[in-house]
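The chain below stands alone and is given in structure tokens; this is the form predicted alone.
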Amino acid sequence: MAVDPNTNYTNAALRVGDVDPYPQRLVGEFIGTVVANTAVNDEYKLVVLKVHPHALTAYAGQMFHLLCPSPDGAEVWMRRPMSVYRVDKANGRIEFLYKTEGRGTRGMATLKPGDDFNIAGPLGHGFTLEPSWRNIVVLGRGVGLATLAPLSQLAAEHKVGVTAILSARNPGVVMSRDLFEGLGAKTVTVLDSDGSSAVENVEKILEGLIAENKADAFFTCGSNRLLKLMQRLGKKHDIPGQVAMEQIMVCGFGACYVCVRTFEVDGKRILRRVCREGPVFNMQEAVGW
């Protein structure tokens, strides 16, 4: 929407150039302009948006609620939650990496440069780094790597070393290697196609990093078996960890309770909302998918 000439405030979602009437707020609604929307492999696409500076406050692990266009003429009723892939503050851009499978993401795939795209956020609690950590291990699979990739940016800002273990079905769907390596992370690729993604092999890699003092903390997303592996090794070696949980959402800010998951805290099972208390949680408290 245009700026109201009487107030110099926007009267709806903020576009680039609009004055933010509530700069102190944590969450807003924004109209981004599509800069690019390109395929990164046979399954995933990357959409780049030029956005209002307030949207650029998003940090690693947070998400936005996307108002996706319709792929078929019928209305898309609910927004789609999606983690931030990269925040490019220098160019005023935010990026989302997504798999085209449901109606929402198929609609996203139709976006062209110059199109408007309504996003709301940033939402939730993201990743955190403790000052004492000098080296962390990131282990993800599939689209979970999109959620974990911003950790390389956060770690680089805090001069923390990163080893990223990228798990995928085959070489053609390995994602985020360039982003991790471009920010100084060491990457290790493990694949189903050659058997290297087997839990036993990944465990050996993790044990090696622990022995080399390269694992002050664990981070994971996208695979229950990898979560369970990191939980087990974390308990064994007293290594803290964080997990980004994925879940279907409706409201995105905690009112509807659609996105609750079970966690175990001090021996008791409790429910937490992924959108509100998460999406990033203490790894040892997560029961899993």
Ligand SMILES: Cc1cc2nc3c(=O)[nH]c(=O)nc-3n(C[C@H](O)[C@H](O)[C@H](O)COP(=O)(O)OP(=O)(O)OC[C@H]3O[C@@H](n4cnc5c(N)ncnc54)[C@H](O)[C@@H]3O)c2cc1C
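The shown structure was predicted, so the numbers you read here are calculated from the model rather than taken from an experiment. One-based numbering along the sequence shown.
Omitted here: the form predicted in complex with the ligand. The next part is about that form.
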Each of Met78, Ser83 and Pro279 within 4.5 Å of the ligand in the predicted bound form, by any heavy atom, yes or no? yes
I'd like to know whether Glu101 contacts the ligand in the predicted bound form, with contact meaning heavy atoms within 4.5 angstroms. yes
Is Gln247 a contact residue for the ligand in the predicted bound form, using a 4.5 Å heavy atom cut-off? yes
I'd like to check something about Ala55: if you look in the predicted bound form, is any of its heavy atoms closer than or equal to 4.5 Å to a heavy atom of the ligand? no
Can Leu97 be called a contact residue for the ligand in the predicted bound form at 4.5 Å between heavy atoms? yes
Per contact check vs the ligand in the predicted bound form (non-hydrogen atom within 4.5 angstroms), the hit among 104-112, 209-217, 131-139, 194-202 is 104-112
The ligand in the predicted bound form has a heavy atom of only one listed residue within 4.5 Å, and of Ile119, Ala146, Ala164, Leu151 that residue is Ala146
Assert contact residue (the ligand, in the predicted bound form, non-hydrogen atom within 4.5 Å, options Met230, Met63, Val243, Leu49) equals Met63
